Each structure stands twice: as C-alpha cells, then as structure tokens.
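Same chain, two versions here, written out as structure tokens and called structure 1 and structure 2.
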Structure 1
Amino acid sequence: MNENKIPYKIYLEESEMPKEWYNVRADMKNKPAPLLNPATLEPMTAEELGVVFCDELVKQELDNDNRYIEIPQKIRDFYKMYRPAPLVRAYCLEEKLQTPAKIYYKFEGNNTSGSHKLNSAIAQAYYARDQGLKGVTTETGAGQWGTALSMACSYLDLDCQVYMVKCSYEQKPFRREVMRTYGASVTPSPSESTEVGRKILAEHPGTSGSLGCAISEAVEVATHTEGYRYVLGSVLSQVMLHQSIIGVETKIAMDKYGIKPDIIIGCAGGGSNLGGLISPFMGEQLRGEAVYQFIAVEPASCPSLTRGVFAYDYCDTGMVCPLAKMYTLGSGFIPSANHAGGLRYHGMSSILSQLYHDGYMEARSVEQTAVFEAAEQFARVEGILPAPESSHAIKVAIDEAMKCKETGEEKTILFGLTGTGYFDMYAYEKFHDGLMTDYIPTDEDLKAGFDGIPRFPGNME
C-alpha cells in the first residue's frame, strides 16, 4: 500500500489551477428550460433578472452556449486562499472494506465555511462589487451558505446582510458568530425590518421562522435598497457554473495521474455540488468522448429526483421568485421534522433535472441512519468527520465498493466530499444516543407539497 504510485492526496500546483469554469449547458442537446416570470409565465428576460441579480450573473444564468467562462483574476486569488482542494485516495477506507475498488474523493471542507459553498459565494460577491454595488442580501438556514457569503464579502469589503431562520439563529449560535466574525449583519427571520417580516409576525406571533420566509425578507431588502442585490447558494445555473471548479480541478488531477473514474457520485440537494463535480465529465459523455456512471444521492426524506415530478414550479415557498422547470416535490413540501442536516430543498437544479430526465444520470435515495453509519465508518478510517450532506455520497460509494468486493471488479469510484460536520454535532449526538430515526414520506405527504400551488399549462405530465 505504501509503495503505491498514487499519493494519498493530490494537490495541484498553483500553476495547474483552473483559469476557467466549465459550462456543461454548452454540451447539452436538450438545454435546461428557461426560468419563467411568475406573473406572465414568459421566460425571464435579462432585464427582469437584473432587478434581483447583478448583470454579469444574469449573463451567466442565461448562457447556454459558451463552454468555458474565464474566472476573473481576483476570484482566482481568493481561490488560492483555500484551494486547490485535495483529491484524496481513500487507501484506509479501501483497506477497511477489503474491496478491490479504488476510491477517490474530492474534499471541499478545508475552509472556514466548511463546504464547497464558498466557490460560488466569492464569484457572486465579486460580480456585485465589480458592478459598483454596496452590498448583497441572502437567507441562510443552519448557516453554511451565510458563512461562505460573509467570508467572500469580507474579503471584498462588500456589505453582507443575512436573514437567518430564527430557530437556527437562537439554537445554533456558532455559525451566526462565524458570520459576525466576518462582519456580516445577521438578522433573525422573521424580523421587524421588512414588510413581509412584519406581516408574518403579525399573523404568526412567536413563529420560529422558515427558509421560505427568510428568502422573502432577503429579496425584499435587496430589491428595495439602492445598490443591493440578492444572491442564492444553490439551484441556479450560475451557481453550478461556479461550482464546476470542483470537477475541473478533479479532472486535471486525475488526468495528471492517468486515473479514469468508472462511477462518479455526489449528494444532491439543490444540485450545485453534484453538478459542479460532474460538469467536465458529463461534458465528455455528452460529446460521446467517454462513458461514466453518474449517481445523484438524495435523502429518502426529501426525494426530489427519485419521487418528484418534472415540472415548472416556484423556487420559493412564498411563490414570488421565478418558476424553474425541475424535478420537484412541490414548493409547499417540507421534509419531516426528524430530517437532520441540509439537502432539504423541494426542487433540483434545472440542468441536473434535464440530464436526469434525458437518462444521463441515475439517482438513489438513502435513509439517514444508514447515512450516519457510513459517516462514522468513514471518519474512523479516513480521519475527516464528514457533514451529514456529504455522507449521503459516502454511503453510496461504500455500497458500490462492496459490490466490487462481491464481483471482484476493480472499479474506480469518485465521490464528492462537500464538507465537514463540525457544526452538526447535535445530529451526531442523536445518532450516538440511538435517538435518530428515519422517515420515508408517504404518497399523501408528497401530494401535500403541491397543495395550493397552481398547475401551469404543459406541466405535470
């Protein structure tokens, strides 16, 4: 094992780091369907999108054609602070499993935000700054995305206003304090500072908030404040573009050592991590230059790909944001209360949804106690304590490695390890104490996600 040619960790040299993001839409025959204006049901124009997002990001959101998009120097400088992320050969896990499979993971947790979210946060903050804006607003649940955005804004001296779901703000103060360290203003949502917040507080005094409500507050502030725009951490095509840095780095590292993955696995919530990891590999596949097995892994409690419908739906529960065509559980869907960690979004990136619909990708759903078992097994041999989200990918990677053990196949498995679980220890505690439970939504539960959501013509086929 020690004499092996492939090192435990592959770090690219600074000079080898990517200078371009990879836009997989350029390789897609069936492009992702456009966002629709909820008022007119017509495709959102650049002008309409420009009210919410800054100009360069609107351009990226609408760009289905350019395969390579240059990463501005200032963003590349920021990437150098915490990238390249290591591509790790999981020698210890392989030995523990006694599998002939070769397992690799791309680890995105070596930064203070603890996840890949920073890759898009710095891009979105940069373009806002470059346009001469004063600040950005966003929402955050447990705080991962808010932390990433705070770090990026701090680096660029851009104001950052985060609306944090009130129960998280109060019960999980750590990420809130990380955001404050980076100079962000963090407001528990719903708040008295917005019209929509005041309305909700009047109707539901004592509410502990929701992500949908925090989005509404952040969007209101951005669209009503001179020099501000709203930014989002997943789902959008621009976010997947920025996250392609994960896949591009991985591919450069693998090519350097002559490694070709047979299976590529990623956890999927809104899809930005999985999409970013697979982008350049999927591009090859779409162009007929290579064949890979892509597997999206989602929680059984929030199974948008495996049990959702492919339809136009609202991106937010408040039904004020544009409609996206995607695999969705209905914008009214809320995962059951026992669901730990992220991956709780009702829909999936339009790009990934289209690729899945066209048969280029598989999807599997896994239950959370099995996910935490895999997480603990992984931590004990590989050292890294993984985030619950990332552990969905670990679970399926181990499953695939065990299949290889049965068949004797020496497959090469690559998965995305999106981050660390340092701020998720309550969930680990529940798991250790035997208090973690699983819940698979019933068909009735899934139907409820569409309650009160209008059906649009040509939809819900």
Structure 2
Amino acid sequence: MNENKIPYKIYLEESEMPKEWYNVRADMKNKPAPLLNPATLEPMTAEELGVVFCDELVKQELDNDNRYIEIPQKIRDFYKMYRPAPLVRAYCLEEKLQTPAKIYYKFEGNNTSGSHKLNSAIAQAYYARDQGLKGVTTETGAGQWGTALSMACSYLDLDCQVYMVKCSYEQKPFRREVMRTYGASVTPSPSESTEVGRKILAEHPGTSGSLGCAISEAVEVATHTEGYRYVLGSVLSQVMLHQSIIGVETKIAMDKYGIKPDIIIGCAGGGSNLGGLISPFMGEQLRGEAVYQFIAVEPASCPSLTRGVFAYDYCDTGMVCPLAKMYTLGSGFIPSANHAGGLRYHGMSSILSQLYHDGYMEARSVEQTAVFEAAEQFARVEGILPAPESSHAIKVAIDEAMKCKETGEEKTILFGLTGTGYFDMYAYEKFHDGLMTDYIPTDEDLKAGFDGIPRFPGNME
C-alpha cells in the first residue's frame, strides 16, 4: 500500500475491538516459573492465592494454557468509553529527525487516568464486584494505576483504598486529588497505619518509599479486612493478559494497512504496558511465524533487567507476598526518588523475565535527563506531553530512528506511549531549571538489595 495513504491516526471501529485477551504464556515453550509460598517454597495453590486475590483473577494468574480468554461484555462496554485507542504515525517526528525510519506509537492516554492502566483496573474491579466483595486495596507509584482503579471502582460502586509511594504523594498532589474525586482513600506509604509500614519507617526513617513498600501495606490491609482483596497494576500474569488489548488492537490496525514493525519498544517497570504491547507480536515470534526486535527500556536508577539477577524474590519490601521468579534488584532495594514513579520497582514480570532470559527480548537502561530531553523534543513536534515513564520508550525510539538516518535503513519502529505527563509538571520543572540529576546505583548499592534475596537450593546459584 502507498504509505501516503496511511493516516496520521489509525482508529479502529468499535466493532473491530478485540473480544478476547491474548495469553502469551500459551505459546511460551518455557513457561514463567510458578509463584512460591515463602513458608513452604511450594507453588502457590489457588486456595492460597484466593486469600489475597479475587477468585477469577487467580484462575487467570494460573492459566498457562488457554491462548484466548473472553473479555466479559460489561468490561467491553466500559472499554468503549476510551477505546479503541489510536495508532499514530509520527510523521512530524520523522520529519524533524530527518530519518528514513517510519515511527508509530500506540497512544493509551485518552482517558482521565492518563494511561494504559485502566485496561486492567476495570477488569480487576469487575471480577471483585462479581464476587460480591465490598472493596479492594492497592498501591500506586506515579498515581496512574491508583487513578485508574479509583475510576473503575467508582463505576462499579466498590470501595477503593490506595497506598501511594510517599515521594509521588508529595510530588503529585493533583493526581492524589483525582483519586479522591473518584471516591478513593489515599495514604502516603510507608505509613503508620499498618504494621509493615511502621516496621519499614523504623528501619528507614524519612524514606521516600517505593512500590515494594506500598504493596506490602495494601496486602496487609486486604488480608486483614473482611470482604476486601488486593489488586495489582503490573507485574502479575493476569495484568499482562488484560493489557494484551493494547497489542491486539495495534496488530489489527497494522494488519489493516499492511504494516509490519521491525522494532517494538516499551518502557519497563513491572512490565504491564510492555507486556501488553508486545504480546501478539511475541506470540507470532514464539510460533515461528515472524521475527521482531523487542526492546525493554528501564531507568538507569532502577535497572532490574540490565543489572538485576534472575531469581525467586519477594514482590514487596515487607516480604508478605509470594515469591516470584523474575529479574530483581532485591525487595530491599529502594530506588532513588527519580521522576518516573511507575518504573521504580525492584523486579519485573515473570513472563517478561522468562522471555528476556530466553533471549527473545533485549533491554536498555537510560538516564532521566536524556529521557526528559526526548520527552520535550517529542512534545514540541507531536503535540502530546508524554509521561516520564513513556518517555523512556520515546528516547530509545529516537535513538533507533537516528541509527536509521546513519545507515539509510527504512525500518518501521513501534513504541508504546503509555500515557500523558500533565500531572508530572514538577518533574518537567526540575528538568527545565537544571536541577534534575542522574543517579546510577553503584555495584555496592545493588549488593545490599541482592543480599536480601532469599537463599534456598536452586535460587541465586
């Protein structure tokens, strides 16, 4: 097809929206390792997981075999509020860079939460409601997940209790107020309101918090409150499943115009948007039907894939969650208070960790000042102010496009624009005022986290 016929924005019709999520685990030869009970070191049973998570979500978490899982009608109806999301050809960016590369991005910011997180929030809230629960608890870093969950709970009349990483709670008061507008209660973490919060504060006075801390608090409250369960916005296999709608929609749109990406790029913290974007493309690669270059981009300040170890570790700082086999910096690693709050997590999705370990994906770490330079460059030509998290993907997409300029190759680059940065102006201000610094942990800094990874036969060997 003549590329001039490719519109700036490709929108699907509502009738073309996916009716099923795609489960990449079904096509993985090496399945992600099971979650382990930290007390017995045996795989977690559905009954054990059911204490923390909703029953239907437990089924999805444990399902390594079904390739497609139907999206309930109520969820599909909710999706129509902001989906299908556009696939955008970045003509303006291409022209600015003077690159022969063709750049596309899937834009997930067309909703009040400002990000892709709503795709899983509505699913998890729906299953909680369907089970007859009163409410859910969760953690949030940058606030996008907490905002998304508060919206979904408001829609379904569920109580929503959010533990927000303290540095983000302080840096992003407006994000906090959006959550409260949707009826959620928001607590800065670590807090004095939970046993694990008090313990973390005693050990690390004045800490700015981390996602690992906030998870511990939210899990404690869920497991000690009748009629409540915990929900998580990233990392878990069920979340990768719900987020597959991003990639499935993208693939439908690209196939419609005969477009095949050469390089697929996503930012990576816990893995939800990257896993969602790449899933159907990765499925093709796993089945031997196509070859793609997948790039995970993470902050240099929290480099779980590029400098972490592949081992069983706690998903949270308070060590109350199951053990997950993943690339990790250690659950005790508390990253610097960088401005991509959604990427400040010590581990990575077990699915993505396994795919990375098996060589299906590469990873790069980038420093935050370079990320904000790319964000500003993108905002000036494409008209969207990107979230700091998404800007990690933008940085590497620009890098790859500039390589094409040097080589003359006309590669097709696809990246995930996970959300908008309108609540991140504190970070942009620091960047513009020249006050932003690049923190890269030393090997000594990382050793402290690695030392806390549980030692048992077969782990860390």
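Residue 1 is the first residue of structure 1, and the numbers go on in sequence order from there. Only the largest set of C-alpha atoms that superpose within 1.5 Å between the two forms is called the rigid core. Fair warning: this is a prediction, and the values are worked out from it, not measured in the lab.
The chain as displayed in structure 1 is taken from the form predicted together with a further copy of the same chain.
Superposition on the rigid core between the two structures places the CA atom of Gly308 less than 2 Å from its counterpart. Taking the rigid core as fixed, one finds a CA shift for Cys267 smaller than 2 Å between the two structures.
Fitting the two forms on the rigid core leaves the C-alpha of Ala202 displaced by at least 2 angstroms between the two structures. We note a C-alpha movement of 4.0 Å at Cys213 between the two structures, with the rigid core held in register.
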